[in-house]
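One chain comes next, on its own, written out as structure tokens in the form predicted on its own.
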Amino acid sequence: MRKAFLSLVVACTMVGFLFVPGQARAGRGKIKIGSVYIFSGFAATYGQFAKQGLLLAVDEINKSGGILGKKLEVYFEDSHAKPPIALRAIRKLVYEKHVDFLIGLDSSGVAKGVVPYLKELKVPLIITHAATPDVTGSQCNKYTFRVSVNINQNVMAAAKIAAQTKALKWTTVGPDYAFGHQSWEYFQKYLSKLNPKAKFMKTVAFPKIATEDYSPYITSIMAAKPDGVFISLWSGDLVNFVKQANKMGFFKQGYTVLMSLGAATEVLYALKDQMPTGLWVGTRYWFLANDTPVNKHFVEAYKARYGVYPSYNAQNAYAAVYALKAAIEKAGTTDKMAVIKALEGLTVEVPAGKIHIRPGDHQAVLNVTWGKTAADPKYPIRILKPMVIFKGEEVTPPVSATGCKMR
């Protein structure tokens, strides 16, 4: 009896070692991902594209056996582009759905409102859209990562293009929140260094999100007679602005026009031939910029499934899932802290090319694409021709300049 009892104790002890709390074992259970994007209002298409890219990646991975033998399960929530709602959605995903990882966020304002609470939630978040430098700068923390182009990177590329033009007097049209104001701030900062003769006008336009009538802003900019206009409007706001600006002759004034997110396919599909040609436009991924097998597969698979060419938001969400997969496989576990360590310094190939997540600030270093809008009968939307690709190292400030103090 004594020997039998001791054998039972040993067996129970071994089982205890096998099931250590907080340690996920390969081949058992599921990996739960919580995703928060804008699914309603002026930017609903952005959220929809992100959801499509994320689900494509999840389905591909699950069909190939999952990650460490575990299948992926995704839960989606709508941020409504409002920080308090986004935070409630994330708390719901963490405390009610018990997600292991978070992917998403569109708005810079939402990101700034959510990121400080990740230290409380203790769940890693991979940002795929929100571009404020702060979340990998002054607000950086070990739980926050970003696999997409931020304002610093995209606007530095814009400034390099602007410096090569003849435009000297610059103004801006941007959304009246963090993204618009920071975009203009960094554009002035970088262009003034590249071209000391550049001047920045006092007449600027910062309409509220979801503005319906842009005519007062268009009129004021036209009356100021700038040489160049830097536009950071995006999604439905940019679509509405372009449609109204066309009617008012805005694009026939001879301005040099740069749209930081004008090459988002959501915008290009909405406008089609209403998007003027010859404008400089930026994006965070362009489906024709990379001829690697990874990108070709993604573009073909996405178009076959959804009937359109992928946007940067679709690619960024798709890339985040594959970056998470690479990190989990590198760590050999789904333990959150182990995956965080694996994400730091991770280099992974995604449709946009190779991205490297810096351990110092958790910002991905990746190439940035700009180009001029052009018509091509092969495509239902404007394409970029010519296209200019800036190397990630060329447009990404060093960690020491970001304000990040990782703890």
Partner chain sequence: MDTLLINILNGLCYGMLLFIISMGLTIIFGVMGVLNFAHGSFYMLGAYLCLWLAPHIHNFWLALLIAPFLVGALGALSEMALLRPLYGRDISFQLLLTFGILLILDDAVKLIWGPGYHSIEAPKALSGTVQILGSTYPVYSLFIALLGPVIATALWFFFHKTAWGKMIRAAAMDREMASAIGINVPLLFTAVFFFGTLLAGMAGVLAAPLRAIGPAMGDNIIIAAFIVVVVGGLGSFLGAFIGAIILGLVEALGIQFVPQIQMALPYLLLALILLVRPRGLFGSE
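Nothing here was measured: the structure is a model prediction, and the numbers come from that model. Numbering follows the first chain given and starts at 1.
This protein has a second form, the form predicted in complex with the partner chain, left out of what is shown; the following refers to that one.
Taking the partner from elsewhere, every residue among Phe39, Phe42 and Gln274 has a non-hydrogen atom within 4.5 angstroms of the partner chain in the predicted bound form. With the partner omitted here, the residue from Ser192, Ser138, Thr165, Ser215 that has a non-hydrogen atom within 4.5 angstroms of the partner chain in the predicted bound form is Ser215. This chain is drawn without the partner chain; in the predicted bound form, the residue among Ala210, Leu288, Met201, Val308 with a heavy atom within 4.5 Å of it is Ala210. Residue contact check for Gly236: one or more of its heavy atoms lie within 4.5 Å of the partner chain in the predicted bound form.
Taking the partner from elsewhere, Lys296 is found to have every heavy atom lying beyond 4.5 Å of the partner chain in the predicted bound form. Interface residue remark: Asn367 is not counted as part of the site for the partner chain in the predicted bound form, having no heavy atom within 4.5 Å. Taking the partner from the other structure, the partner chain in the predicted bound form has no heavy atom within 4.5 Å of any heavy atom of Thr292. From the list 239-247, 153-161, 276-284, 324-332, the contact stretch for the partner chain in the predicted bound form under a 4.5 Å heavy atom rule is 239-247. Along 160-186, one residue reaches a heavy atom to within 4.5 Å of the partner chain in the predicted bound form: Asp176.
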